[in-house]
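Heads up, the chain below is alone and in the form predicted alone; it's given as structure tokens.
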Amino acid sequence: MNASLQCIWIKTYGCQMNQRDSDTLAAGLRAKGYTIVSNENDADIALLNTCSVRALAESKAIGKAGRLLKKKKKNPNYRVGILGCMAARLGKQLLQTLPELDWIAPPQALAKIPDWIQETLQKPSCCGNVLSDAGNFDFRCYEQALLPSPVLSIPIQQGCSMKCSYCIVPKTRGPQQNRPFASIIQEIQQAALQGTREVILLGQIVNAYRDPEQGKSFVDLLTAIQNIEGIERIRFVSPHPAYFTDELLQGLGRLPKICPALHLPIQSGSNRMLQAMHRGYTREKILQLVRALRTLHPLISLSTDIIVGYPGETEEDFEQTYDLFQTVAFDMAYIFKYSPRPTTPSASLKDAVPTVDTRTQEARNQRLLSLLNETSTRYNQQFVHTKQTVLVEGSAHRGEQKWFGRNLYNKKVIFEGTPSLIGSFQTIRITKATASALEGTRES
């Protein structure tokens, strides 16, 4: 290893899977003797773990990389790498825009990156190293010990084999690959010994999981985690509405550690749009599923993803989305204006169907955001004057001695406390609720 290149800063864009990949990469680099720093100004090496789901995410990462590369003018030994989904999508094309980039590597190469960085640092110049890996994902990299945390995200899949017309994930992360059942259980058991109390199972279509070795189902996995001593809460993202089987619904009813908070990425409330998006379900299916979930857990928290302004979306289509959102009363949502992604089927629709102008997209976006503010505030208000059990995660960054955790319904709870509370369950009496969080006082 080049002794002058010891400190690495990693910036993550995008989803929880990207964040977990960054944590895994950091663990691998620490094992090689590098120091991971939280301030980019302390680093000799900057690695950007990127997202391609929307054009804005890519433009932000490219802009950041360009600014970081300017440091090479003062320090020729400074190094910059672009990893993740944008690296998979663009590959060597990134060198046309950023010729001084040192490393480019896709998500599938995660396990190889620490060795690769160490090897290429032995060369006089690192510029232009591109690592291509379209093979099977090496899930063993997730078995490395991470820094202890009360809540841990556990990848159980990589990639996606669905053919949603707007989504670039199958191109950037490849087809769905399922992590071996035993590897998942081993990681969770080890995490529990280190103080983890809540796990979040991650996958693009998490409820489509099937153990590649013995064929065990997603419900089999949930049942096994239910029996791990020390794990008190189980969550999972993102399930696909089309994969909510009777077996899964029964599992949600009989496994008490599964938290009553689910993310249902419906994308649209219009059957015409859902068909155009190749989503594989209808608004009627969503309403039926919501009724079943609320029969199991009347107070269940339901969040979603919505795309507004998809090609051909009419005012009537949008009103159906608005109506479905209002009927379900989602208490959290990620609402996005449609962003065409290269190579996806929807990107070629601009000449076949009417596009939705940016002003209309923005208006629809704002209407849904306003509705979300109403539904989330109303949902959170029900917790005022109640006592909530909260797993304390860390500093709330909202003043001295402010800490935060989440209740069973995945609602952020802010309260006064001390660092010694991290990782413990605390009873918080809720005194205030906003659209985004709860606040309260700790019961002695």
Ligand code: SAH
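Residue numbers run from 1 along the displayed sequence. Note that this is a predicted model, so its numbers are computed, not measured.
Below: the form predicted together with the named molecule, not depicted.
In the model of the complex, no residue of the candidate spot (Arg30, Glu40 and Arg79) has a heavy atom lying within 4.5 Å of the named molecule. Contact check for Phe336: a heavy atom falls within 4.5 Å of the named molecule in the model of the complex.
The named molecule in the model of the complex is not approached by Gly195, whose heavy atoms all lie more than 4.5 angstroms from it.
Arg341 belongs to the set of residues with a heavy atom inside 4.5 Å of the named molecule in the model of the complex. Mapping the unseen interface onto this chain, Asp305 counts among the residues with a heavy atom inside 4.5 Å of the named molecule in the model of the complex. Heavy atoms within 4.5 Å of the named molecule in the model of the complex are found in one stretch of 51 to 59, 32 to 40, 373 to 381, 401 to 409, which is 51 to 59. Checking Leu252, Leu90, Cys167, Ala191 against the named molecule in the model of the complex, a heavy atom within 4.5 Å turns up for just one residue: Cys167. A heavy atom within 4.5 Å of the named molecule in the model of the complex is found for one listed residue only; from Arg283, Arg235, Arg279, Arg179, this is Arg279. In the model of the complex, the named molecule lies within 4.5 angstroms of at least one heavy atom of each of the following residues of 262 to 279: Pro265, Gln267, Arg279, in sequence order.
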